[in-house]
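Just one chain follows, in the form predicted on its own, and it is written as structure tokens.
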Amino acid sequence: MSTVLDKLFANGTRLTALLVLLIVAWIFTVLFQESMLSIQSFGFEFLTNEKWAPNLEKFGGYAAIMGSIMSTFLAMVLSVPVAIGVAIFLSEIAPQRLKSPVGISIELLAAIPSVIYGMWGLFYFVPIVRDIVGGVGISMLAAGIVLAIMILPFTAAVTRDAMNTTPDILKESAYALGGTKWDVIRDIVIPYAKAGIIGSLILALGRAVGETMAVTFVMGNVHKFSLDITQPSTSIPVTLANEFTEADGDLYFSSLFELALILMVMSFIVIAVSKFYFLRRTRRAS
């Protein structure tokens, strides 16, 4: 009887794993098929052309692609130092009476729906950005800051948990040898939690790349990419959210699907790189 149950369990888990692969392959196939008209019409130029003119049936994804990359980069640059600092404080420095309320607050930030971040950013944060740096306020900079606030709790919470796994005996031994608090954090806690910290960064990066609603409110949906981050711009999720229901032609529709395909490929690359890193790290450790 147990042998039969073992086989059923093994086959069931194998089926669920294959089902996940089939779903991913199905999504990719649908996106690729729907993108074929755009791929055939524009080719590689779709990736390098900034012009997006539905009335002329001229579509280029350069502005949206670079907008996604730039907004994600800004969000990571702004959030990672703060998040790691929060994690270090909660794990190694904060008194016990502060750890619980601050930790709960961090987790509550992660639970706030993205549309609320977008509304807050548009009506209260964008005017602050406008007054400080100039411009209209709705900009790449505003989108990057709102994204940074959104992904901060993910990085901070996972990093804190990773640091909490550091064995007390390692830290106590370092203190016994004369190490300071900074020495222990730098030489013991961070190296021990390195894999978890990198995992938190990958998680935050994946969230930032695909975020839609919050960025839609504050980015502007202007199909123009500029290194001046105080100017309005767009990203792939913003373009899809704003224009998918307006697509009134086959080429327009297909171009949006090609943007979605590019976004999926970008996300896959991020996950694949992180996966290969962890596999290599595991092999070296063994």
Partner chain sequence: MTAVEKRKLISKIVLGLSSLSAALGLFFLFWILYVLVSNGLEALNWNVFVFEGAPPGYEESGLKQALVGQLILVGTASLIGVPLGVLAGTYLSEYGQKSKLAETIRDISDIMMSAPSIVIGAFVYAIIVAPMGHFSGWAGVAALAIMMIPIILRTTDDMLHLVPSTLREAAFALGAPKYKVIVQVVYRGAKAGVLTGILLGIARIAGETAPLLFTSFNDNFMNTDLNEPMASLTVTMYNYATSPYEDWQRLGWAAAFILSMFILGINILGRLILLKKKGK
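No experiment lies behind these values; they were computed from the predicted model shown. Positions refer to the first chain, counted from 1.
Quick note: we don't show the form predicted in complex with its partner chain, though the next part is all about it.
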item: Partner-proximal stretch of 45-53, 227-235, 254-262, 62-70 relative to its partner chain in the predicted complex, 4.5 angstroms, heavy atom; value: 254-262
item: 4.5 Å heavy atom contact with its partner chain in the predicted complex for all of Val136, Ile138 and Tyr192; value: no
item: The unique member of Ile188, Leu74, Leu152, Val129 whose heavy atoms fall within 4.5 Å of its partner chain in the predicted complex; value: Leu152
item: Proximity of Ala176 to its partner chain in the predicted complex, heavy atoms at 4.5 Å; value: no
item: Heavy atom of Pro113 within 4.5 Å of its partner chain in the predicted complex; value: yes
item: Proximity of Asp161 to its partner chain in the predicted complex, heavy atoms at 4.5 Å; value: no
item: is_contact(Leu37, its partner chain) in the predicted complex, heavy atom dist at most 4.5 Å; value: no
item: Heavy atom within 4.5 Å of its partner chain in the predicted complex - qualifying residues of 228-262; value: Pro237, Leu240, Ala241, Asn242, Phe244, Thr245, Phe253, Phe257, Ala260
